[in-house]
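This document opens with one chain alone, in structure tokens, the form predicted on its own.
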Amino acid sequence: MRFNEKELVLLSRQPSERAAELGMRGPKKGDVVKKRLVKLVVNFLFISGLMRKRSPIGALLLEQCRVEREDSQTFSIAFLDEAERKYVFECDTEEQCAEWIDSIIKASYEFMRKNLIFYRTEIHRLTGKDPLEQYGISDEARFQVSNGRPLPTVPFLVAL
């Protein structure tokens, strides 16, 4: 994947949805758990060493990945195209672990896209109007249900 390192560093300095010192074990065989500063910004998980808090030493793009709870205080992230490579994170409490899992799942573009489509469909069902039409983007492929067709038009019904 291609990326602009300067842009990633700038993004890593933005306010985060969640940040904490977590234990982290990389995907390589023999990797050990190390304390890392982990920061969730938009759909990136930035990892920094504890001594070098300014610049990240790594970043995970949270797309096409699976987040699973390993045990009460541990969760893992595995990418669909490389399921055998798993990043494991250790939290201090069960609550912290649950919060991280929830935040990471909600950070993905695909999750936000599914929510947008759901609410767009609900608004259309209730009002008979496509809420994206006013912005001129209702026919864009990224806003379509999986079959690629726009929402069907239905007559607006009012209960009396």
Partner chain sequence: MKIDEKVLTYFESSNSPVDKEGYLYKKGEIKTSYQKRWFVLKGNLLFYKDRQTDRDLVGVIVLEGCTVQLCESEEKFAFSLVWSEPGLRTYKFAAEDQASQESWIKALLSASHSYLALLVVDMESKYRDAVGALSSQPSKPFVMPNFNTIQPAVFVTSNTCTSSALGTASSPNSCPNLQALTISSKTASKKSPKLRSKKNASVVPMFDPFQTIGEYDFNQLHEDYGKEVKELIAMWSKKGHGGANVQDENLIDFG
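Numbering follows the first chain given and starts at 1. Keep in mind it's a predicted model, so treat the numbers as computed, not measured.
Quick note: we don't show the form predicted together with the partner chain, though the next part is all about it.
*Asks:* Could you tell me which one of E110, D31, E70, D92 places a heavy atom within 4.5 Å of the partner chain in the predicted complex?
*Replies:* Checking each option against the partner chain in the predicted complex, the one that comes within 4.5 Å is E110.
*Asks:* Taking heavy atoms only, is E140 within 4.5 angstroms of the partner chain in the predicted complex?
*Replies:* Yes - in the predicted complex, heavy atoms of E140 and the partner chain come within 4.5 Å of each other.
*Asks:* Check whether G49 has any heavy atom within 4.5 Å of a heavy atom of the partner chain in the predicted complex, and answer yes or no.
*Replies:* Flag for G49 set to no.
*Asks:* Are any of the heavy atoms in E17 no more than 4.5 Å from a heavy atom of the partner chain in the predicted complex?
*Replies:* E17: yes, in contact with the partner chain in the predicted complex.
*Asks:* Does R66 make contact with the partner chain in the predicted complex, using a 4.5 Å heavy atom cut-off?
*Replies:* Taking the distances in the predicted complex, the answer for R66 is no, it never comes within 4.5 Å of the partner chain.
*Asks:* Which residues, if any, of 119-140 lie within 4.5 Å of the partner chain in the predicted complex when only heavy atoms count?
*Replies:* Read in sequence order, the residues that approach the partner chain (within 4.5 Å, in the predicted complex) are Y119, E122, I123, L126, T127, P131, L132, Q134, Y135, G136, I137, E140.
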